[in-house]
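Single chain ahead, written as structure tokens, the form predicted on its own.
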Amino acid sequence: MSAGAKKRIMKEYGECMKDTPSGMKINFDEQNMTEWEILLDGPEQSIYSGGHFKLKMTFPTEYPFKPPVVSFKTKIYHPNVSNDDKGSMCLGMLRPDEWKPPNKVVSVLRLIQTLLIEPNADDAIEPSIANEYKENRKEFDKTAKDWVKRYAK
């Protein structure tokens, strides 16, 4: 990783510390600055309220020219998070064709919170969950809340 990339990651970390979205904590290790652990409380106004989620943000060696990768380490029932052991997150701004070097990590963190409050079923990584979200919201909410109790306490 280039010195410029390391400097940028340190700068981003500093900005995140000054303006961390509420309900979030970032664990950062200077020895391994390309991997951040993010602890996220389910937003109060969401069906994930009361849950505690662990996420991993990994910065590629080409950062900031390539986007960081975000994954949920805690299982979550959500149309924009893969329902497997990877927990990959589908976020528009993190797609290589949409990412721009001036984008900020703090914006990514805010977008993750927004997606927990209001999933984007039209940009889903899990089509069946997205369909349930759109067609049978009551059942989706029930399953999501069950998963919070089961995996995110």
Partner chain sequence: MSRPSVLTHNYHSYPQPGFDSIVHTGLSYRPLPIRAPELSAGYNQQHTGHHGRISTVRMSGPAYMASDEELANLQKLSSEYQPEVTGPLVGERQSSSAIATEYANADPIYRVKTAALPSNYAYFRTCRGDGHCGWRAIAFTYFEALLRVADVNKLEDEEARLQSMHNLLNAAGFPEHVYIDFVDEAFGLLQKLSASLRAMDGAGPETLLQTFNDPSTAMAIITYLKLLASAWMQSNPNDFAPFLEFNQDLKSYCSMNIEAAQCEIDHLGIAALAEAVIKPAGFALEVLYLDRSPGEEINTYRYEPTGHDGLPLKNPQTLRLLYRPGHYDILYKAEDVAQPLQQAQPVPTQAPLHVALAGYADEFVPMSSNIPDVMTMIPGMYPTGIGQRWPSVSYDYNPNPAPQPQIAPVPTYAPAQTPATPVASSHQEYVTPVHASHVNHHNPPSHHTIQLEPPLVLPIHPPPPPPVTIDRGPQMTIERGGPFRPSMYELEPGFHSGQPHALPFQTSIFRNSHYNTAHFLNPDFQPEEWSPDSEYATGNRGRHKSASQ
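Numbering follows the first chain given and starts at 1. Predicted, not measured: the structure shown is a model, and the values here were computed from it.
Not on display, but discussed next: the form predicted in complex with its partner chain.
When its partner chain is considered in the predicted complex, residue 122 lies well away from it, no heavy atom lying within 4.5 Å.
Contact check for residue 153: no non-hydrogen atom falls within 4.5 Å of its partner chain in the predicted complex. In the predicted complex, its partner chain sits within 4.5 Å of a heavy atom belonging to residue 15. Residue 36 falls outside the set of residues with a heavy atom inside 4.5 Å of its partner chain in the predicted complex. When its partner chain is considered in the predicted complex, only one residue from 85, 44, 30, 118 comes within 4.5 Å through any heavy atom, namely 85.
Shown alone, this chain has one stretch from 36 to 44, 110 to 118, 57 to 65, 22 to 30 that lies within 4.5 Å of its partner chain in the predicted complex by heavy atoms: 57 to 65.
Shown without its partner, the chain has no residue in segment 28 to 60 with a non-hydrogen atom within 4.5 angstroms of its partner chain in the predicted complex.
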